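Only one chain is given next, in structure tokens, and it is the form predicted alone.
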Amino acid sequence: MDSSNDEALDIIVTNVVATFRTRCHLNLRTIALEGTNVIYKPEVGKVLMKLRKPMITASIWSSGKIICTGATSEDESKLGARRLARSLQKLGFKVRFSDYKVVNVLAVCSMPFAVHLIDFTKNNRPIASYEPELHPAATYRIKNLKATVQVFSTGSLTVTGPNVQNVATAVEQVYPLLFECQKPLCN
């Protein structure tokens, strides 16, 4: 970051997606009939189960694979996944919580300035792309972090990455590039 403008940026994690396995076969019909806050989707072959605290939605397949979405931190996601495994145990399944992994983190961040997207894309051509006819944001992909940053002209960023640390590093990495392409303030 620039030393003259030492502002802290708030990175707000809006969604954490995690997967885990139960290491046993799950009867979706039993979960649908006996579970609470459940939506059975037999045409897709899965059950959606919602927890209120933490606020997560889980997609449950009969193979025992479960995907949890909606948590706002990695810790909250793990807590929600464990609570979900416990609720399945209470339904009579021999669930063993295993192979837990955070697969995706979505976060938003707002720059203290507007960004000139065409200049930003020209300066970072191979990594950045901007197609205003398709999407209002410029896309900046960071291969080594496996992160993608969507940069809007207002200075808003939407960042996706494999974990919270990579998302924070991606914002730190893209900030100087955005700083040199900021729009001048109108008086």
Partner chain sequence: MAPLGLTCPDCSSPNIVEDDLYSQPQLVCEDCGSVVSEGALTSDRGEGTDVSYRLTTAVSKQPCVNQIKGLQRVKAICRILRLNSEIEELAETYYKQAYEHRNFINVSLQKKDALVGCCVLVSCRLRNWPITMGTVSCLLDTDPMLVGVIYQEMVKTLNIEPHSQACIADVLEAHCQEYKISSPHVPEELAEDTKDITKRAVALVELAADSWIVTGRRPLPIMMATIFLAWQSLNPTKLRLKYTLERFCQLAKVTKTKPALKRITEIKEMLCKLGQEIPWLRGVVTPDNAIQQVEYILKYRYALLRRALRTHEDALMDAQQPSCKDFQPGIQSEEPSSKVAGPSQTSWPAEQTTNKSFEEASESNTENNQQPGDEQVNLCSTGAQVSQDLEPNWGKRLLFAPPCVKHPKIRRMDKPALKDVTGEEEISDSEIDSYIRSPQEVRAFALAKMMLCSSDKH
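Residue numbers count along the first chain shown, from 1. Everything numeric here is computed off the predicted structure, so don't read it as measured data.
Absent from the display: the form predicted in complex with its partner chain. The rest refers to it.
Notebook entry, point to check: Is there a non-hydrogen atom of Leu51 within 4.5 angstroms of a non-hydrogen atom of its partner chain in the predicted bound form?
Noted result: Yes, Leu51 is a contact residue.
Check: Is there a heavy atom of Phe113 lying 4.5 Å or less from a heavy atom of its partner chain in the predicted bound form?
Finding: The answer is yes: Phe113 has a heavy atom within 4.5 Å of its partner chain.
Notebook entry, point to check: Do Val102 and its partner chain come within 4.5 Å of each other in the predicted bound form, heavy atoms counted?
Noted result: Judged by the heavy-atom cut-off of 4.5 Å, Val102 is well away from its partner chain in the predicted bound form.
Notebook entry, point to check: Counting only non-hydrogen atoms and a 4.5 angstroms cut-off, does Thr36 reach its partner chain in the predicted bound form?
Noted result: Taking the distances in the predicted bound form, the answer for Thr36 is yes, it comes within 4.5 Å of its partner chain.
Next item on the list: Could you tell me if all three of Lys65, Asn144 and Leu177 have a heavy atom no more than 4.5 Å from its partner chain in the predicted bound form?
Entry: Judged in the predicted bound form, none of Lys65, Asn144 and Leu177 sits within 4.5 Å of its partner chain.
Next item on the list: Determine the residues of 128 to 147 with a heavy atom within 4.5 Å of its partner chain in the predicted bound form and present them in sequence order; the list may be empty.
Entry: Those in contact are Tyr130, Glu131, Pro132, Glu133, Leu134, Pro136.
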